[in-house]
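Just one chain is shown here, as structure tokens, and it is the form predicted alone.
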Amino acid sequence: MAAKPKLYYFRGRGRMESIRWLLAAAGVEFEEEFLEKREQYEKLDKDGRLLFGQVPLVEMDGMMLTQTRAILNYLAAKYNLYGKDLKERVRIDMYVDGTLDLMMMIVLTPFKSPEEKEESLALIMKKAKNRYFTVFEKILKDHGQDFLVGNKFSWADVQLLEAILMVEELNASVLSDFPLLKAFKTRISNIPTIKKFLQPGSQRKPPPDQHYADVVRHVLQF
């Protein structure tokens, strides 16, 4: 039996969470090693396992994979969540890039000052409603299908659900003007592998707190 993928990252969401989501959506079990001390990071770097001196790092299929987008591309293709042809793939890429732009705004918020944090959260809500969610509502309306691309469950659906849930943690009523996205959220959340990942006790990580931000700063020294 093939070894489970092993994920090296902090005990929190950050840039690894979308990788956890995609593995979970594919029904793939994985192991994690959490970075809590500077020495752990330095050893990975010294051993040549971090291509550009950065995490996330995923060990799988005899490879040391780094760079978040490359890892996600590999997983989506490997587990048949990346469309049936190049035209579907480029649409998935466009939708994923859009949601990642929104999600990274949220991911970086814990590392900002209280004043910057307040401004950032206001901007996130504005962009979520006026740009990103408006676009996805229209996509669902225009094609009238259950999934974003090719009427088949894909990486784009996984990423959008993750983004929706992240924004809802900031404002629970954010989907009040987006009925199709609300139905999409319910539909994707009930896919068995996703439903399992959303249950308490899964490897899904909670929203970042100050301790998480402090550990990341300590390990990466910034």
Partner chain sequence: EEFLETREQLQRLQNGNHLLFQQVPMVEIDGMKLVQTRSILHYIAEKHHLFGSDLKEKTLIDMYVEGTLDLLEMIIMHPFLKPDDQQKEVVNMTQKAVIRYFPVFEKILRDHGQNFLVGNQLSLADVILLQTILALEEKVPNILSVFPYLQEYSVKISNVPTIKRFLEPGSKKKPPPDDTYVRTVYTIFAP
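Because the structure is predicted, anything quoted here is derived from the model rather than measured. Numbering follows the first chain given and starts at 1.
Omitted here: the form predicted together with its partner chain. The next part is about that form.
Every member of the trio 51, 67 and 70 reaches its partner chain in the predicted complex with some non-hydrogen atom inside 4.5 Å.
The shortest heavy atom separation between residue 141 and its partner chain in the predicted complex exceeds 4.5 Å. Contact check for residue 147: no non-hydrogen atom falls within 4.5 Å of its partner chain in the predicted complex. By the criterion of a heavy atom within 4.5 Å, residue 110 is excluded from the residues contacting its partner chain in the predicted complex. Using a 4.5 angstroms threshold between heavy atoms, residue 90 counts as touching its partner chain in the predicted complex. Applying a 4.5 Å heavy atom cutoff to its partner chain in the predicted complex picks out 87, 89, 90, 93, 94, 95, 97, 98, 101 from 87-115, in order along the sequence.
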